[in-house]
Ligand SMILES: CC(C)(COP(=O)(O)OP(=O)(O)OC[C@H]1O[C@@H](n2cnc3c(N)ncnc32)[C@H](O)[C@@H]1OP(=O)(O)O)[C@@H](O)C(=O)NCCC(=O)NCCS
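Read the single chain below, which is given as structure tokens and is the form predicted alone.
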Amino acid sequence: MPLVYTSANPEQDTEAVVRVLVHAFAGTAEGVREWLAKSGWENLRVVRDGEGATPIATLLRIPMAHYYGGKPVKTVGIAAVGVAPEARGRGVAKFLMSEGLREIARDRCALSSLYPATTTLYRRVGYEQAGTNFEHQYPVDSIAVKGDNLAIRASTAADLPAIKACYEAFARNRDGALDRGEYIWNRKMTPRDGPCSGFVVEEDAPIPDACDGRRITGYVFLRQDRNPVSGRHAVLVSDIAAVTTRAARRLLAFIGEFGSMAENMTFLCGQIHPLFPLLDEPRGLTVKFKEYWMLRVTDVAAAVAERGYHPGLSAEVHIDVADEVLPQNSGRWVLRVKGGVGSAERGGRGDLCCDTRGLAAAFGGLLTATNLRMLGLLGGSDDAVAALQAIFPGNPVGHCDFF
């Protein structure tokens, strides 16, 4: 029977989907059911061994966007990719991902992104590494940042619009950062290991969404994890952002005030969080690599048009793209940028050539176009590579949520 990619039906498919995900990620059936309820069945896709058959593979779509050049570029995040044990080794995962990409392309969504369980599979369908995820750990009692008397208080549900506005102002100019949807915000406030406590800083500052006549310019969500042997605990930061120096310093000083009983602050983010340079003594900071996240361009024209560019940049590059899964992306394109606006039109000389992996890597900016040519992901003259590097400048810092 031919494989079929389709939406999931919770009334008929729940037990089969739960079984696939339990075997894929070694979780519990109860935990998977709870996660599916939060994630939304409308976002779940399955593969069946014939029309109407029991699902043998799963994929979750997460609609959101990545900020690039200060503007959100639509993406569909991919999670919960799993194949039933008895169906493995038949190319089901590649079929699942290929059909998922075709659906994303039909929706005219510019990008797709994911955290890979295995890099090989996703490279085979055109994804490439675009950013990093690290575990940052710092001794709480070493946080010597001096905050002024700026007030900090526990957050409430009414604060959420202003918190989201603060995050947007913070994240917008950090390439790769997510323009979050409800799925990501739920993970920030209620991670798998338990709900977080939220705290906000307010001051008079020019950002949108006033809260009770004042404005939230910084916030933190954190959870305390107690060591039953020592009685001390870790401060696990789920999310932290600030848009003013005063708010940033106050938040770090606030975390430092847990130092009488807390041992380490732990936070997951890219290579560096923008607040961390405020730490007076960085020698106590330990950084552990966790994983790369990967990017895929699903609509060349939309991806180029949606992102932002430096307003003073004027550049043009002629590129020839090879895309086996989405042939509508294949062929020659002329990428132009002027006055902060980009476009991609059919035609041109094809001075620079790449497949979708090279295009995704250049767009994401983890490595510069020059480095990508050295790695064999791009080919072309010095002038063509320089033009692409001007359009998609490298930005190795990154700041991306796990999803």
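When you see a residue number, it is the position in the sequence shown, counting from 1. Model, not experiment: these values are computed from the prediction.
There is another form of this protein, the form predicted in complex with this ligand, and it is not shown here; the text below is about that form.
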- Item | Region of this chain that lies against this ligand in the predicted bound form, out of 221 to 229, 89 to 97, 251 to 259, 323 to 331 [heavy atom, 4.5 Å] | 89 to 97
- So in the predicted bound form, does any heavy atom of R124 sit within 4.5 Å of this ligand? yes
- Message: Since only the chain is shown here, I'm wondering whether Y115 would be in contact with this ligand in the predicted bound form (any heavy atom pair within 4.5 Å).
- Response: yes
- Message: Using a 4.5 angstroms cut-off on non-hydrogen atoms, would A24 count as touching this ligand in the predicted bound form?
- Response: yes
- Message: Quick check on T120: any heavy atom within 4.5 Å of this ligand in the predicted bound form?
- Response: yes
- Query: Exactly one of I152, V83, A171, I163 has a non-hydrogen atom within 4.5 Å of this ligand in the predicted bound form; which residue is it?
  - Reply: V83
